[in-house]
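Given next, in structure tokens, is a single chain: the form predicted alone.
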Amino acid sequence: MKITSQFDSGNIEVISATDPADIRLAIRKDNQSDFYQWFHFRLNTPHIEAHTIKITNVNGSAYPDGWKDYQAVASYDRENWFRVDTEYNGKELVITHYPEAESIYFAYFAPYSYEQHLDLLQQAHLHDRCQLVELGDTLDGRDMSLLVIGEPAEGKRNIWITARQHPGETMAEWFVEGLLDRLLDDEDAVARSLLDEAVFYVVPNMNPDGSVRGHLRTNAIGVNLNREWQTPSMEKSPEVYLVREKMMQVGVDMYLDVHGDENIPYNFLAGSEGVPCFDERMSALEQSFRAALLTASPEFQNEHGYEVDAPGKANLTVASNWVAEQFNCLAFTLEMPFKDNDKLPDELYGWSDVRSMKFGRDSLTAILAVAGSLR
């Protein structure tokens, strides 16, 4: 029996793996950081029996409440990810599964590999409406890639989508894949209407280094990128610095920063009510977009989410707050669950890669509903 995580986005440390009934593991911390929660590993076993896998250090993880009612995902082919029996006992995460093949992968959520990321960029930029722009390099020397969809022209809105500032939140890049698939569909009326009046600037992965390293929340040197937006630097946070420079160059009329939430089992939006420039116009735009997304997707809801910031008290180091204040525009953090969407539960798959993609597609209908009012 062997357990390994020596692959793209892999993360696990083996404590003992000799008895199928008592496999003991631990999650490795992000480099130069105390954050940890993401795991991704492969089990190779000759044993035809139930396996009990105990991840022993989850009570000290970044979001221990996130393990309550959580079910791990598993896959035999790395394409179809399904939920497996999982229990959190307050100290350990206990995964119980009877493998149907000698090799099986387990993960915190359906992974989105760097190879998939490169494929997504390549396939998108082959479309004649799409341009691939390399903004610069990350600390590990990877490309910071931007997709520009549509023809810039006077009067067109500039709509920005960024995803996966926190690399373990892989549902964010699945969301972007669904959004891009629809946006680049020449026969889709919503996409064609949007590109008549807007240009999309899409960063599918804001944190490629952390993604490959198997991090939950930080870049190569342990920096949380979503706390860098006021004063980014090429030394600590080139990912934010490079994207922010491009934003300053072209402008922003609407911004969605796509994330995943460990604790809350719903899809929801966090607005920018606490930024100093927030006014009646921005409030009306927020309400319009929320209403449009409710209509566009039954996966969305407005009852559950984060507490609203008090006026003038927003944290401007956070991407959506900084963008809202800098450009006086509509800006949201969009959150999806690691668990299930309790509004529409699915016992076998929970919230999934496929549902994230469909939610991304549906979001374009809501963007179209407000695009004409962004200026």
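Just count from 1 along the sequence shown to find any residue number. All values derive from a computational prediction rather than experimental measurement.
The same protein also has a form predicted in complex with another copy of the chain, omitted here; what follows describes it.
Worksheet item: Though only this chain appears here, would H304 touch another copy of the chain in the predicted bound form if you measure heavy atom gaps against 4.5 Å?
Response: H304: no contact with another copy of the chain in the predicted bound form.
Worksheet entry | Y266: touches another copy of the chain in the predicted bound form, heavy atom cutoff 4.5 angstroms | Result no; Y266 lies far from another copy of the chain in the predicted bound form.
Fill in: Exercise: K156 in contact with another copy of the chain in the predicted bound form, heavy atom 4.5 Å
No, K156 is distant from the partner.
Worksheet item: Just to confirm, Y76 within 4.5 Å of another copy of the chain in the predicted bound form by heavy atoms?
Response: Y76: contacts another copy of the chain in the predicted bound form.
Worksheet entry | Proximity to another copy of the chain in the predicted bound form (heavy atom, within 4.5 Å), stretch among 224-232, 277-285, 103-111, 168-176 | In short, 103-111.
Worksheet entry | Heavy atom distance at most 4.5 Å to another copy of the chain in the predicted bound form, all of D8, Q123 and S145 | Answer is yes for this spot.
Worksheet item: Since exactly one of E197, E273, D140, E87 fits, which has a heavy atom within 4.5 Å of another copy of the chain in the predicted bound form?
Response: Contact residue from the list: D140.
Worksheet entry | Position in contact with another copy of the chain when the complex is considered in the predicted bound form, options I149, M247, I95, V190, heavy atoms within 4.5 Å | That would be V190.
Worksheet entry | Those residues of 17-45 which, in the predicted bound form, come within 4.5 Å of another copy of the chain by heavy atom | Contacts from 17-45: R42, N44.
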